[in-house]
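Single chain ahead, written as C-alpha cells, the form predicted on its own.
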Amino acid sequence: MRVAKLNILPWAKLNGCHDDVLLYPRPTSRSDNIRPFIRSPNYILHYQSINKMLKSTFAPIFSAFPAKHRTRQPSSTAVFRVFAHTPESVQQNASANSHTSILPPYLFHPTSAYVHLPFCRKRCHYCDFPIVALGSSSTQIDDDPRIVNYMQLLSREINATRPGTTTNPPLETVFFGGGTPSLVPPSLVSSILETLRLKFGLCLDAEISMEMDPGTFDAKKMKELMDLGVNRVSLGVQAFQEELLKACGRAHGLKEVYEAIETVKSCGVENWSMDLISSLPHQTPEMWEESLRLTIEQQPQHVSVYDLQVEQGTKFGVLYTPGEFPLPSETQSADFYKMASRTLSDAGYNHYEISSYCKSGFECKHNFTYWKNEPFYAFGLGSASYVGGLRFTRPKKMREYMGYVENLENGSVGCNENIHIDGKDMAMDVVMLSLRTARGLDLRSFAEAYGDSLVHSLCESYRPYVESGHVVCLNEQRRALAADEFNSVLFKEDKDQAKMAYIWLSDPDGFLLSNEMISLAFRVISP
C-alpha cells in the first residue's frame, strides 16, 4: 500500500483496504495486534486484528486498542493448511428460535484477491509497508530484473495455492496494491491476471482495481491496463500543496498530479478514486480545505481520506512525535476529519465507511469483502489473506518470501493438526469491521451467530453513547430510535425486541470515537 493509510482510524488499505491493510488508529498502531498467532520459522499464521490487516485502507484515531496475546507453540512443520470448524461457542450461542441457518462468512469461498506489487521509486517518509525502492532515476522499468523476477515468483505462489474446493466461484474482485503497481509493465500485469483466471476463474465483469501514482503512467500505459480489464483506479495524490508533497518525500509534484488526473479522465476511466492524507507536518486547516475543494473540482467517483499515522522505523517516526508540533494535536486531527466529512458530504459523496466516500453506486467492491468479514486470497510480499477463518501474513523480507513460495510448491507448508477458530475472535472481528461502515452492525445476524445475551450486553455497554448521540440504534426500517425508546427496549419495558435491528456510529462524531467503541466491545466479548 502506498500510504500508511490512516483512518481517523485504515487495512486496508485491508491489503490495498486494506495491503497488510488497517490502522487503528490509522488505517495504525502496530501494538494493537490482539489475535493469538502461531509462528513458524518465517511465516505467521494468526487471527490478527483487522485494523492491522486493513492498514492500507483503512483507521479511527484515538485510543489504542487493548492488546491481548494468546500464543500457541507451532509443531515442527510450518502450519498453514487449516481445517476450519464452526466454533462450539458459536453453535451453542446461536439463537434457539432462529428460523434460518446462517453460514459463517469465514466458510464462504473467497471471491476476491489482493495482489501486492511492492515497487516504488523511493520510500515516502511515512511509509512502513514492504516495498522495493527502484530509485527515482530508474528508466529501464520494463525489463528491470527485480520486477520480472518478482512477478514470476508471484505467479508461482498463485499456482501453488490450493483452492478450497474444485467448485469455487470465480473471482469477483482483484486489487493490485503496493508499493506503486503502476510502475509494473502492463505485460507483466497481464501475466498475473491470466494466472489468476486459469487458477480461480475471473468474472467477466470483475472489479479490477489498481493503485497508481502520479508520474508513473501515461495515456499509453493507462489504455493498455484498461484493455487488460483494469476498470478502477486509486490515484495516490495525498495533497495539493507542493510543499507538503516534498515534506512527505513523495516522488511526484503538483504538476504530475494534474497530468495524472487528466490522463485518467481522457482515457475514459469511469471509476476512479483519489487518496488524500490529513494531519501532515505543517498542514494547516486552509491547506486541508484547499485539498478537499480541489479534489471535488476534479470529480472523482470515490475519495479515501486517511489521517497520518507516524510509524516507528520511518523517517517521520524519527523526526516527529504524534500530537506535538509540527504535527497537529488530536483535537486538530479531529477537526480535519470533521471538515472532510462535512465538505465531501455537501458535495454529494456518501460517507459509506470510516475513511471512504463515494458517489452513489461507486463503493469499492473489493474493500466491502473486508468490511463484511468475508474470505479473500492475498498474494505477494507481506500480504495478508483470510481463508478458512484464519488470517495469514506472508513474509515481508524478499528472501524469506522466496523461501515461503518454494516451501509452498514442495508441500512443506502444511499442517498436522486441526485449528479451531475462537468464536470470541470472530465476534470481535465482526464488530470491528461492521462499525467502520455506515450500515453498522446487524444485531439480528450477530445474535443468531453469537447469542442474544451478547447483543444485550453490547447494547447495554453502548447505552451512554446512544444517549450522547455517538451511537445510533436503528429499527428494521432504519429509523433511529430515541434514547428513551432504546432504553425501553433494552430493559424490556417494550417487549418488541425487533425494534433494535442495527447499531452504527454517527458521522462524524461517532466515527471519531470508533476505537473507544471497539475497546468497549472487546471488554464485553472477552472480559
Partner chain sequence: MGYLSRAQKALKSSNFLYFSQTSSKFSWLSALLGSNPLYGSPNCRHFGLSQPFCSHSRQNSKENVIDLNQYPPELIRNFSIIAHVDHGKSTLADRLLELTGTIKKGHGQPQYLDKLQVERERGITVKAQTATMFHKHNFHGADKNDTHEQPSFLLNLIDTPGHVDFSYEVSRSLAACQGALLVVDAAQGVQAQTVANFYLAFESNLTIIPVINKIDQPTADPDRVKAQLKLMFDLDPKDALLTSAKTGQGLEQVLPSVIERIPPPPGNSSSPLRMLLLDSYYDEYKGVICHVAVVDGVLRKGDKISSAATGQTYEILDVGIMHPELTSTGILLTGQVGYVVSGMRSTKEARVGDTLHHNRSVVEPLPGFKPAKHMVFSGLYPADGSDFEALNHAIERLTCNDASVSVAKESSTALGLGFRCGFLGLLHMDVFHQRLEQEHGAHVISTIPTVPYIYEYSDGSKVQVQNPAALPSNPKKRVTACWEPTVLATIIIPSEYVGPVITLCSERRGQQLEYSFIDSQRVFMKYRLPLREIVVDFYNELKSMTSGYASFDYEDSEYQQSDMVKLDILLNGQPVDAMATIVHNLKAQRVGRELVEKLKKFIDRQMFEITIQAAIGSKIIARETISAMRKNVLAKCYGGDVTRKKKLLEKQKEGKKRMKRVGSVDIPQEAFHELLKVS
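Fair warning: this is a prediction, and the values are worked out from it, not measured in the lab. Positions refer to the first chain, counted from 1.
Same protein, other form: the form predicted in complex with the partner chain, not shown, and the subject of what follows.
Contact check for Cys248, His302 and Ser434: none of the three has a heavy atom within 4.5 Å of the partner chain in the predicted complex. Only one of 351 to 359, 442 to 450, 145 to 153, 185 to 193 lies within 4.5 Å of the partner chain in the predicted complex by heavy atoms, and it is 351 to 359. None of Glu256, Glu224, Glu363, Glu311 but one reaches within 4.5 angstroms of the partner chain in the predicted complex through a heavy atom, and that residue is Glu311.
None of the heavy atoms of Ser506 is located within 4.5 Å of the partner chain in the predicted complex. In the predicted complex, Asp128 approaches the partner chain with a heavy atom inside 4.5 Å. A residue is said to contact a partner when one of its heavy atoms sits within 4.5 Å of a partner heavy atom; Arg391 meets this definition for the partner chain in the predicted complex. Residue contact check for Asp425: one or more of its heavy atoms lie within 4.5 Å of the partner chain in the predicted complex. Residues of 499 to 518 lying near the partner chain in the predicted complex, listed in sequence order, are Phe511, Leu512, Leu513, Ser514, Asn515, Glu516, Met517, Ile518, the criterion being any heavy atom within 4.5 Å.
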